[in-house]
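Only one chain comes next, encoded as C-alpha cells, the form predicted on its own.
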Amino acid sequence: MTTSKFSKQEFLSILQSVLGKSGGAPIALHEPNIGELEHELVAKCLNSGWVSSVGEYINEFEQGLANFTKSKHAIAVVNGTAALHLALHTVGVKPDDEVLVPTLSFVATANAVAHCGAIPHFVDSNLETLGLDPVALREHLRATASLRNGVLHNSKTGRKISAVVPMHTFGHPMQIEKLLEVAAEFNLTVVEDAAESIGSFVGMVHTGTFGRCGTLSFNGNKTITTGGGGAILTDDDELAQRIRHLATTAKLPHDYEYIHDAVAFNYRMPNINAALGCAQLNRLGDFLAAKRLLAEKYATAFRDVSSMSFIGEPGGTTSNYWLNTIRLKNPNLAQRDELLVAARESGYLCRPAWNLLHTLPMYEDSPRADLTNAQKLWCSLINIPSSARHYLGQHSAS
C-alpha cells in the first residue's frame, strides 16, 4: 500500500504554506542561528587568548544554564554524549551492569551506557509522549526482574540493573514524575537524557532536573549551540564536585605539579565554545518563542488532515518543539518513506525517527522488553523543518 497522490501533495502543500517555497537551497531540518552577539563574544574570547578549558565564558555559561534551568549546578563539557557518559559513570554505573534506555532514541543514549562497560536494556515508548513508558516499564520489571537486598537484578541474565535513562524525545517531556515512582519502587538511579529539551518543562520544572542528574546537548542542530558541547545538571553538591573533578582529568590544584588522583576524562568545554554558548543562551527566549510559533502554524495546518497528525506537547508540559513531528495515523513504513522522498525531492529536508537502537548490530543481542509501541512510532514518525529562523524575525531583530 502506498500513499495516494493527494496525500503526498497535501503534505507538500502544508510544508510550503508554513515554510514557503524551498527555492534554490533546500530547507534544512534544523540549523543554528548565529548573530552579531555570537561574533562579538567569540572575537573577545580569541583576543583574550583563553580559548581552551579555562576562561570567564565557561563560568558565565554554566551559571546561565543553572539560572535558566533552576539547577544548583551546571557543568559544561565537550558534547552531550560525554555528558551522559560522565553522568552515568559518576552515579556508579559499573561494567556489566544493565541500564534501562528507550529503544526509540539517538544512538548516544545507548553508547554512553556501553562506554561505561555496561549493557543497554531496551524498553518501550509511550505513544503520546514518544518517551519511555513508565507503565510498560513497571510491568516489564515486575515480570522479569527482582530485588535482592535492595539491588535490582535481571532474572534472566543475573546482572544488576542499576539505572534508567529517560530521554525527552524531540524536546517533548516524557512522564518523568511517573518514572520517578517506578524508579523508587525498584531502587533505580534516574539519569535524564535531556539532550534535546532545553527550554522544556513539566509544570514549572525544567527537564533534566528531576533525576540524580541530567544532561543537555549543544550540538549544531540543537535549540542553542556551542558548536559541540553539552552539560550536566544536578542539585547534589558532592556529585557536582566529583563530576567537575573527573571532567578535568582528576587534576589536583597546584601551581605547577601535575598530580591526578583518579582515572578520569578530558571532557571540559573549551572557553571559545562557551563564548558562543553565552550569546546563544542570551537569545534562547527568542528562539523558543519563534519555535513555538512555528509549531502552532504546523498544528493548525495539519489539524484537518485525515491521514496524519501533528504531535503537540503532552498535557501539563511545555515543549521547546526542538523537532516538529508528524505521525501517520496508520503506521506504515512504505507510506512514511514515500512522504520522506517526496518532501526531500521538493527541497524540504525531512527525516524519519532514528532506527530503533535494539536493531543496530552492536546492540541486537542486548536485553529488551516488548517494544511494540516503539516499532509503531518508528514506522509512522516524520520530523519536519524546525529551525527558529523561519519565524525569528517576528520576535527578534537579530
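Computed from a predicted model, the values in this text were never measured in an experiment. Quick note: we count residues from 1 along the sequence shown, nothing fancier.
Heads up, the form predicted in complex with a small molecule isn't pictured, but that's what we're talking about next.
- Residue contact with the small molecule in the predicted bound form: L294 places no heavy atom within 4.5 Å of it.
- Using a 4.5 Å cutoff between non-hydrogen atoms, E196 counts as a contact of the small molecule in the predicted bound form.
- Contact annotation: G131 falls outside 4.5 Å of the small molecule in the predicted bound form, judged by heavy atom distances.
- Taking the partner from the other structure, the small molecule in the predicted bound form has no heavy atom within 4.5 Å of any heavy atom of T209.
- Stretch 218 to 226 is the contacting one of 218 to 226, 265 to 273, 244 to 252, 152 to 160, since its residues have non-hydrogen atoms within 4.5 Å of the small molecule in the predicted bound form.
- For the options F106, F201, F302, F122, the residue carrying a heavy atom within 4.5 angstroms of the small molecule in the predicted bound form is F106.
- Residue in contact with the small molecule in the predicted bound form (any heavy atom within 4.5 Å), chosen from Q175, S71, T317, N79: N79.
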